[in-house]
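The chain that follows stands alone, in the form predicted alone, written as structure tokens.
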């Protein structure tokens, strides 16, 4: 089994994973914390795109489980010389790698690469492929939501969440949609018309809006803010539809917009997968607001959810 997408994950598997993540989190607070399930095994990270949180989080998670972690740099590996994916995969197989964690700018790349390992005791985790999927980010988001609201997954049904920003190019958005829908959360995508994936809205029976203040005023429980994916949009698309100044004016989440909407600030929480462009998609004041923002908790929980995800693949 590999972890490529959230689309086909069962409720039972997610429940079990979250139970294990909570065990790891509780163990982390004890003085005798030691999990060496995979001592003597090797994990490889292969990141074709820059990453801070995800890569470090995975490395810590793997090391806490006992893995030795090897970083494969595509720019200094034989891939740069034209080596095929098959030969790269074959090399990892013969070197005895047990776990491969991949990030790539192309949709579907990780699934293709993982197919080379199907007949071997090697597991692959998708750490983000293009604008397609980022399953562990969505899992840690849901884990954080459940923990913060102090509810079971079943009790999340009917909770209202806004996903605000560039949902068209966001792999985090897609992974979260498939995951959150399973547990009955009501999802509204909010952003400029050209940055909302209308096929995804239609296929998944979501709500969408181009008016942030109006949507906030209708009452919500959670706001997930996304950054502008400029590296995927392309300069031409960005210039043609909306300047950064116009985006900030209409779609930046700020304390002013929250106050204008007359939301009860005691009852809402804000998430962001990172990296955060402060004062672009979200006001810096909200990022650092420890009462409203779950961003730091997302980062911390990422280690334990990824530990559980890795363990579950070998169960």
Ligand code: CP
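Positions refer to the first chain, counted from 1. Keep in mind the model is a prediction, meaning the values are calculated, not measured.
Keep in mind that the form predicted together with the ligand is missing from the display, and what follows is about it.
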Heavy atom of residue 27 within 4.5 Å of the ligand in the model of the complex: no
Going by a heavy atom distance of 4.5 Å, is residue 260 a contact of the ligand in the model of the complex? no
So in the model of the complex, does any heavy atom of residue 174 sit within 4.5 Å of the ligand? no
Proximity of residue 63 to the ligand in the model of the complex, heavy atoms at 4.5 Å: no
Every residue in 51, 103 and 134 with a non-hydrogen atom within 4.5 Å of the ligand in the model of the complex? yes
Quick check for you: of 277 to 285, 53 to 61, 66 to 74, 247 to 255, which stretch puts a non-hydrogen atom within 4.5 Å of the ligand in the model of the complex? 53 to 61
